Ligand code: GLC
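Shown here is one chain on its own, the form predicted on its own, set out as structure tokens.
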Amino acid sequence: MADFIDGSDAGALSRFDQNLFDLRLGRSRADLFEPLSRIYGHLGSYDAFANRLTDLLRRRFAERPEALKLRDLERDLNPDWFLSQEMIGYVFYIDLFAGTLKGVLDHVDYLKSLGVTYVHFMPCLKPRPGDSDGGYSVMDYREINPALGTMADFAEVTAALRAEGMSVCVDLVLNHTAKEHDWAKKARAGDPHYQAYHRMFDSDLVPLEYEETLLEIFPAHAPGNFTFYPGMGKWVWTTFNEHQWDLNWENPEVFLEIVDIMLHLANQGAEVLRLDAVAFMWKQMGTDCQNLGEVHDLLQALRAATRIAAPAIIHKEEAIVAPEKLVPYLGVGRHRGKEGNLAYHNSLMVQFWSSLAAGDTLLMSHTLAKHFPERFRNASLATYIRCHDDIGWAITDEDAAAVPNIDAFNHRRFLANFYAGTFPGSFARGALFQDNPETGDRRSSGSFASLAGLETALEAGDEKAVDLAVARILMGFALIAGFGGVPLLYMGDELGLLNDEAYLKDPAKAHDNRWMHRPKMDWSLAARAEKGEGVAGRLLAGVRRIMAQRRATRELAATVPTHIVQLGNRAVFAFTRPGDERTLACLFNFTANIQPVDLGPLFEAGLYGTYDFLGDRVPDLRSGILYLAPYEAVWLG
């Protein structure tokens, strides 16, 4: 027994593991307890809370499987592992992709053919029955949705994918639980301990005062931010839906509970935790209760906690907010290098669609250059063109004002109409989502392919329009593969899956048209695409080629800066990636016309080669002028 140390009620730790834990605790102690002291230090129970947290971390580390402890050591030695150009993500709903968790393993070869190293299982923890906001209304964080499998299945599948070089990402909702969650049920039954886990009020006086500055997230089907429950006689904070009860992060018990859940998922093999709805975690009267400073303290502390007990884990923070508010989620000031590892590059996605509709990239170049650093410390952005969610047209008055002849309000209206397919000359096929007549906010739903014009072109039988739609789609993939960070492919986009109206037949989904761009994976189409047949075959081959070239191009690692370059031609978006061996220049034509580009500004930015690594060819170049075909992307170096 001399080689083991009593681990309290967690069992025994070897002397090596105890020393390893103590070293990691020492490394991250300040990152953990400095922000927690700012949040909870005024409480008389703070010291006891800090001791309970340390004991919790030690216990969960003692329970960690040996294979995952080895993964921890691997990631300690290479903390920037997720910033490699070899990182490529694939995102899917398990039931729509494979039926069940174990069914995912039947499609490993398909994922590997795309170069995937990061697999995001869309919400798979046990949801409430019926409408569950797409799985984000969770009633048990420690169980898998029974329709998909069990937690034992999850551990088995994550181990199998890990052996194939793929890390699994899962969603963890931090702002709220389902009203059917055990905490909420106990609160409704009158238990004051659990009532303190949520934000509850005996009258509507305080809620009404909060409402004066709050925004409505889903005004069409979930107006307001509070719900009255007669049986309990209390008003409950419900930001998103009546069935989603906001958590009270002012209560340190909530912090302990969530850390325990995070480490439970880590010990089952999750390697990326997508922390959902983080912008809303802290509430303060007189504000919109979004993106407050305490949120960043909490997120730093959560990252420090997992870095102590499960350092193989990274955190991806879901904050779909204005550009100037997004960057802090990757760490600025005292949080630099200590908060999120990944965040969604919502602005890149919005600006892609904006530039595509307008045929003008000046707003895109201005916005991305103004608001985003060229790289981050041990962090980066997840780049994507489409996802499971709607597109909110996050174009600010200030950014629009910097571009001649653009009014932000009118431009947002134009984009919503363009991608609903109602603007004259639009190639897109989509739908308005949450049209708010009071604020003028109108968001958009639709699949990548349908928004890019493929659905309209196929219905018209217009081969030229089909070619242009395919070019738009492949340009989008080349953009997210080259920009920096981790490119995320949403399931089926590589095949050009179109909008799916089947959701209208399901009462739990019919009210939410975001389901139109959440179609079931078409494996028969994929089989034909494997043979090179049809539009899907062209797209699949093109995406595989782009991702293979990304993996082979070290200048595309997220550790390499991304420098936006303003060109004389506003139809073309450009940036450089200055690596150690060469500077790569990436250019994208956002129009259906051939565009001439003077390469002078790129040569001044460090470009000295003119070979197109993406197309594996020497491009059309005359007297220093590059001619880009419609919707063409090139990576010059």
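One rule holds for the numbers: they count along the sequence shown, beginning at 1. Everything numeric here is computed off the predicted structure, so don't read it as measured data.
There is another form of this protein, the form predicted together with the ligand, and it is not shown here; the text below is about that form.
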Inset, instruction - Could you spot which one of Arg518, Arg386, His181, Arg307 gets a heavy atom to within 4.5 Å of the ligand in the predicted complex? - result: Arg518
Inset, instruction - Scan Phe240, Phe255, Phe372, Tyr141 and let me know which has any heavy atom within 4.5 Å of the ligand in the predicted complex. - result: Phe240
Legend entry - Options 271 to 279, 69 to 77, 354 to 362, 375 to 383; stretch whose heavy atom lies within 4.5 Å of the ligand in the predicted complex: 271 to 279
Legend entry - in the predicted complex, Glu318 touching the ligand (heavy atom, 4.5 Å): yes
Inset, instruction - Considering only heavy atoms, tell me if Arg514 and the ligand come within 4.5 Å of each other in the predicted complex. - result: yes
Legend entry - Tyr136, heavy atom within 4.5 angstroms of the ligand in the predicted complex: yes
Legend entry - is_contact(Trp523, the ligand) in the predicted complex, heavy atom dist at most 4.5 Å: no
Inset, instruction - Within 4.5 Å of the ligand in the predicted complex, which residues of 206 to 228 have a heavy atom? Give them in sequence order, or say none. - result: Phe218
